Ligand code: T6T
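Form predicted on its own, single chain, as structure tokens, below.
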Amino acid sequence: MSYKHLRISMWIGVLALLALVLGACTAVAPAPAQAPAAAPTEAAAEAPAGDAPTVALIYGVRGDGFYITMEAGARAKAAELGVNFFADGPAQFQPALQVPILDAVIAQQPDAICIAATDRQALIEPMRRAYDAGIHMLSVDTFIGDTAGDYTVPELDWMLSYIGSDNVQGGEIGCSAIIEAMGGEGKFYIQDVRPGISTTDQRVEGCKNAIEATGGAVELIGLDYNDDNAAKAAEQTSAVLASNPDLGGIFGTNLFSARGAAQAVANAGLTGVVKVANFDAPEDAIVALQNNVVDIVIAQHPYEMGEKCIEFALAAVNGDFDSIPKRWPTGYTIITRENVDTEEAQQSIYKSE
């Protein structure tokens, strides 16, 4: 090849290389990949959208027939009134598990929250955070503070209402029935969850009132705390029965307390001899009643609590605060083997789904 032709070939190669470089410089760089969105919390995933007001229910423990029935009442009333609704709650009745759920719900900014606080003190500040975020707050089943659910006091007047049973009355009713079944005298034992729960604290108070009313004919020999664990309640009750074979009656302040106590009584072969009161009326408590394992079932009205939660929350959203009572007490239905098949008793049984 001649020198002239060699020089032309070199220039052609250089020009081709420059074209490739310029083309690469003007190409649009691909957009960086976006980080995946954080997984929503359970409450966030359930929160509905829309222009209608939104009310959240935070119950005390997941899977409990009492709260399942409460949620059913709230859902039905929400559908009737055109209110968005969602619900969540912890796997155990513990404030350490409930507070993160409350915080997740607050982040969703519902118009109102109805909550069954798992501790009367530990939930005050977390619930106040919700109020400070502009959310209307209502108590269902349990209350907060030391004023027995009196939300007219200045330190708690930011709470709209406490919707729930008169638990002192419930404790008196349940223990009076057991004392009557005992013949009005004998030894008595209480199975409780733990101190600091407003409802069960008051049930114990009412039960002690019933015992004191006997003028010493009935002796309270002990009170144990089972941490909402039926197996622990059974173990504790077994120990009491071993040291007190003449025990006459037991009051279980909630479902798991009564379930464990009744199991211990059955294991000791004392079914029907030691009278057991079951506070709350899930389906298995009714089976225990019919099988003579427990002698009385005290049914609250959680469906009504759920309904009132939605009614009062909607009134608050509409600015109708005068129609919202600071206290809405719900009643009881006492279920025995004699009336268990009546319409009133059957309607009072908590549903499992």
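Here the structure is a predicted model, which is why all the values come from computation and not from measurement. Start at 1 and count along the sequence shown; that's the residue number.
Keep in mind that the form predicted in complex with the ligand is not shown, yet the notes after this line are about it.
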| note | Assert contact residue (the ligand, in the predicted bound form, non-hydrogen atom within 4.5 Å, options 178, 255, 274, 264) equals 255
| message | Whether residue 199 contacts the ligand in the predicted bound form should be assessed with a 4.5 Å heavy atom distance threshold; does it? | response | yes
| message | I'd like to know whether residue 142 contacts the ligand in the predicted bound form, with contact meaning heavy atoms within 4.5 angstroms. | response | yes
| residue 67, heavy atom within 4.5 angstroms of the ligand in the predicted bound form | yes
| query | Should residue 280 be counted as a contact of the ligand in the predicted bound form, where contact means heavy atoms within 4.5 Å? | reply | yes
| task | Look at the stretches 237-245, 95-103, 207-215, 255-263 and give the one with heavy atoms within 4.5 Å of the ligand in the predicted bound form. | result | 255-263
| said: With the ligand taken in the predicted bound form, which residues across 287-308 come within 4.5 angstroms through any non-hydrogen atom? | reply: 300
